[in-house]
Each structure stands twice: as C-alpha cells, then as structure tokens.
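A single chain comes next, written as structure tokens; it is the form predicted alone.
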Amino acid sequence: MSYADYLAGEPLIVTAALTGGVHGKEANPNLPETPEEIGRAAAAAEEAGAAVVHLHARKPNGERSFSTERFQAIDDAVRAHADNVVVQHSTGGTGAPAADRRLPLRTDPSPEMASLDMGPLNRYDHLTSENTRGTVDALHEEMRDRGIKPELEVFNDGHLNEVHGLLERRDLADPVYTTLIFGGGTLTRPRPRNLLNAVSNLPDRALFNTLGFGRHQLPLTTMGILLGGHVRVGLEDNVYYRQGELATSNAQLVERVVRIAGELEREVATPAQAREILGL
C-alpha cells in the first residue's frame, strides 16, 4: 500500500478498539467493560463509520479475561446490537499463559479476525509480553484451522523482521494484514518518519493499519490515511479527545477520523467493503 493507493481512492477501513485490557473506567468512565456496554459501543462505532471492532474481554470486576465464555457473551451482545460489523478478537497477552491466549479463538462462530503479536514487548513499568516464535506459530495454526484471519501486530522494527520470517515459515493467505503500532516502552517511537520507514519495510503483499497510542493517535492515523493504509482508533488506545478532555465514547473518536478522511477525500469502507478488501 502506498500514497498511490490514496490517490487511487482505496476505501479506508476504520477499526474501533473498544475497551482493551489495561486501563478501565478509572481512566475514562465512558470506557465499556460489560458485554452489554461493549455491544452498545460496537453498534455506535459502526454507525459512526467503523467496519471492524477489536475486542478484549473483561471479568465482572473489570479485570482482563481470556475465557471463551466471556468472549462469547461479548460477541452475542455485539451481534445483538450492531448491524454487520467485522468481529476481531485480541489474543495479546501481557503475562498471560500461552494456553489462555487460544481461548478467545474458540467462540461459536469463530471471530472473523484475531490479533497476533509478532514478538516480545514491554509497556509501562510492569507489563510485558513474551510472544516467542513458538507461541506465534501455535496461535497462527489455530487461527488457520478455524478460518480466522490474523492481524499481525507490529510493535517495533524487530517485529517487522518477524513478519518477514513468519511469511517464510507459514502459508498466510493474501492479503497479509499488519497493524503498525507506535508508543512508549519497547514500541516504535511515535514519530512521522518512523511510520514512513515501517511502511517502506513491509512485505510487498502486506496491507497496513496505523495505531498510535495517546496523543499520537490523531496525527499518525491522519498520516496513515494519506499513505493509503487503514487506521485504528478507540478508547483502548487513547482515552482523550484532546489534551485534558476525556473522550465521551469510542464513537466520538471514530467520527473524528471519518470526518478527517472525508476532508482528505478518502471513502470510508463499509463492513462489506472491508470484508472484500481483507479477503474474509
């Protein structure tokens, strides 16, 4: 994907990351945690222009959950409230056992997509995720067996090497879908030139999605639109609308990026168009 794709009018896929598994309502009381809250947030995000919802599950006390049953309850709520949005589950695990990471893949029906972290990473003072190649390959195998498209999450330049290595080891269906992630810790520093470098080092067959944490969400996703890629926004990645002002909802963040895409004359993909682009 490139600036030429932007000029050619490639529709923009907007993913809404609704809740995450790190911060909760103590960071922003508008962040959804229960299945019912997440289901309603998914419907509002879809109405605002999101084609994909990225889902984490939480226990009743708000802590992160990997249980199949909890993901099932969320999926049921999303499908009850939303129209046709693409469901994407997280398998990312900061400190979670590898066996638990498989549980979000085992709902009925399976999610259409699931995240696949491409290597180890640290965030904040206490969060780490190991993601050995063995874990990556095992999660990929279960996704392949269940017909789930992997979303390759690239947190730093080393993970770009791992994307190339995975494509050499495994047979991934085209188009390969990557998310380029920028933030603190061992993530790539959130600088415009680093997004350009990351895009230039992707495999030729790869599409990309842009994710910037916190205040970097707005400028980096805007760059992603211009570079012909896709974008992810939402309260998992950024609880603020602007400095000092909490976002009122996931839908508010989706509405802003859709508005920017409109000003840049980039059509926003419907869920049906997103499925066609992603080969779901």
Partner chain sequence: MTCPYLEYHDEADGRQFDQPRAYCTAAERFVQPMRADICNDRYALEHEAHCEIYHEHAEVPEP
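Residue numbers count along the first chain shown, from 1. Just so we're clear, the structure is a prediction, and the values are computed from it rather than from any experiment.
One more form of this protein should be noted, the form predicted together with its partner chain, which is absent from this view; the next part is about it.
- Interface residue among R205, H126, R193, R169 relative to its partner chain in the predicted bound form, by the heavy atom within 4.5 Å criterion: H126.
- At the 4.5 Å threshold, heavy atoms of G24 reach its partner chain in the predicted bound form.
- Heavy atoms of E245 never reach within 4.5 Å of its partner chain in the predicted bound form, leaving it off the interface.
- In the predicted bound form, none of the heavy atoms of E142 sits within 4.5 Å of a heavy atom of its partner chain.
- Using a 4.5 angstroms limit between non-hydrogen atoms, E69 is distant from its partner chain in the predicted bound form.
- Of the candidate stretches 227-235, 44-52, 207-215, 29-37, only 29-37 has residues with heavy atoms within 4.5 Å of its partner chain in the predicted bound form.
- Heavy atoms closer than or equal to 4.5 Å to its partner chain in the predicted bound form belong, across 194-229, to no residue whatsoever.
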